[in-house]
Ligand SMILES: Cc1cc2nc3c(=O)[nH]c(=O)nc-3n(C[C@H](O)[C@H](O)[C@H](O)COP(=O)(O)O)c2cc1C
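First, one chain by itself: the form predicted alone, in structure tokens.
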Amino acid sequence: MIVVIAGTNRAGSNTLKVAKLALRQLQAVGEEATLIDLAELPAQLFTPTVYGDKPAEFEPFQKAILEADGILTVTPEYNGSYPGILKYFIDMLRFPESLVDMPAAFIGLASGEWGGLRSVEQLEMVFHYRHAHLFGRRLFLKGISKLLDDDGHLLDPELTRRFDELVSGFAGFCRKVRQG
């Protein structure tokens, strides 16, 4: 199973639309996939005591990561980085086992010219630190508000081709890494 993380908790985000698009593409190529929407993190997770003792409501999120064959993170760029909620989510995952040897890929998006490049590069450093296997391709969606239709589909055929290629390629990468 490949986990797709929508890397923000902002309501109505383009990040969630792109994450759902990736989920559908993974399923279209025959992969079992699931979505983690950070807007659904339990409120109990946001108390100082959770660093030592995670609430039971967080266990489904943790379990999904531990059972994943790969993680595809879709991240927006906020203030030159990725959202704090995404960092907090990573910080809440069991260390070190949650990301060790985990295949990981990234899609960045932003309103600006670089399409989430900075957020992806910074996330790659965190995942590398946690000993994940980084997929060699990334996708950056610049000017995101103009790239999606009302149903969350990419409007540009060439961008759609590159998106599908990244998602399908990552599925193959996950299989190779997991087979050893």
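Position 1 is the first residue in the sequence shown; the rest follow in order. Keep in mind it's a predicted model, so treat the numbers as computed, not measured.
Only in words, not in the display: the form predicted together with this ligand, which the text now covers.
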How about M102: is it within 4.5 Å of this ligand in the model of the complex, going by heavy atoms?
no
Contact flag, Q25 vs this ligand in the model of the complex, heavy atom cut 4.5 Å:
no
Is it the case that L139, even though its partner is missing from this view, gets within 4.5 Å of this ligand in the model of the complex, heavy atoms only?
no
According to a 4.5 angstroms non-hydrogen atom cut-off, is G112 in contact with this ligand in the model of the complex?
yes
Using a 4.5 Å heavy atom cutoff, which residues in 5-21 contact this ligand in the model of the complex? It's fine if the answer is none.
T8, R10, S13, N14, T15
